[in-house]
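Just one chain is shown here, as structure tokens, and it is the form predicted alone.
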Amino acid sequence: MEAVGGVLFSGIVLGGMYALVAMGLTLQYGVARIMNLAYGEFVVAAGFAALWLFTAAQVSPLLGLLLVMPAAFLLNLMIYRVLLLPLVRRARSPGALETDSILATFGLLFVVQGVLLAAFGGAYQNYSYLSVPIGLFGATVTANRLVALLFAAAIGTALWLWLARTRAGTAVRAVAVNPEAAQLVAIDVRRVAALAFAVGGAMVAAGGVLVSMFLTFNAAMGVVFTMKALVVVIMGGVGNLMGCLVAGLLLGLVETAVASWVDPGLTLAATYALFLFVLILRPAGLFGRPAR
């Protein structure tokens, strides 16, 4: 049986990655009102970008963040303006926009997945970066997991500071709370929604690069990341970054404990058990506000 310290650290690392990835989705869904079913495919795409940069160009994934995140920001901004903005303009209600975005991004899912399969094939891929054991608080961990956790914490903190301390971040939070009221104080809701969608895309790219440092992945596993991100967002409360952090850490700890001490085949069951338990106690999520 794995030591408690190792399980705790692995759970915190996994939970930190879940939280970072889910922060991007909570911006896209909680602010832009876009339910992006292709979200997980962009996690995988970022992982393949890091793999290619490392193996073909000898660029470390940490430096690769400086290339992949801006590229993902611009790509998601283009997707919003070309594919999603026409849906926003014609939608008569938030519910109609959500339905249309589900259909549009469901098609986008297969486009991205097909491109990845054509470029990299269907085999599982990984690469060795900082795969050296180190001792930490009595547990043995790999350096790449520790580095990934530290960078995830730094990126998540930077996002929180941007939302809390800048004018653009304040506008994003206002639109997330009440788009109609935001318009009354001269906030361009569509422009802010496009910004939030693009920033969410940059966050998911960061998560994909960091996850690729220690996980094996293939072109068809994006749906797993989409599912986990949705679970974290709903558990934490749609649009709430602190909720994403707490829910992500809870999910990572529970999955790691079950896989290490019970049976790896039960991790999915544990995920949904935790999800249902939280929603029974808090239907709006851990930090969500009940609808009135």
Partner chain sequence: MSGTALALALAALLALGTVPLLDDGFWLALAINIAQYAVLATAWALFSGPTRYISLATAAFFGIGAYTVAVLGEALPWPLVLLAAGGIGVLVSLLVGLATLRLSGVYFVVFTFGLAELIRQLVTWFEVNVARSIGRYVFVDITQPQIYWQLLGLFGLLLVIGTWLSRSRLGFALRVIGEDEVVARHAGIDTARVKIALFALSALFLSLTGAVMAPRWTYIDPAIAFNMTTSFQVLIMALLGGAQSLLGPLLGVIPLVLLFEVLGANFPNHFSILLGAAFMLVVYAVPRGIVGLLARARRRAAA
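Residue numbers count along the first chain shown, from 1. Just so it is clear, the structure is predicted and the values come from calculations on it, not from any experiment.
What comes next is about the form predicted together with the partner chain, which does not appear here.
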query: the partner chain isn't shown here, but in the predicted complex which of Met35, Met69, Leu51, Leu245 has a heavy atom within 4.5 Å of it?
result: Met35
message: Looking at Ala45, Leu250, Ile234, Leu241 here, can you tell me which has any non-hydrogen atom within 4.5 angstroms of the partner chain in the predicted complex?
response: Ile234
Leu109, heavy atom within 4.5 angstroms of the partner chain in the predicted complex: yes
query: Looking at the partner-bound form in the predicted complex, is Ala284 within 4.5 Å of the partner chain by any heavy atom?
result: yes
query: Is Arg165 a contact residue for the partner chain in the predicted complex, using a 4.5 Å heavy atom cut-off?
result: no
- request: Answer with yes or no whether Ala194 is in contact with the partner chain in the predicted complex, where contact means some heavy atom within 4.5 Å.
  value: no
- request: Would you mind picking out the stretch of 144-152, 201-209, 78-86, 181-189 that comes within 4.5 angstroms of the partner chain in the predicted complex, counting non-hydrogen atoms?
  value: 78-86
task: Counting only non-hydrogen atoms and a 4.5 Å cut-off, give the residues of 87-111 close to the partner chain in the predicted complex.
output: Leu87, Arg90, Arg92, Glu98, Thr99, Asp100, Ile102, Leu103, Ala104, Phe106, Gly107, Leu108, Leu109, Phe110, Val111
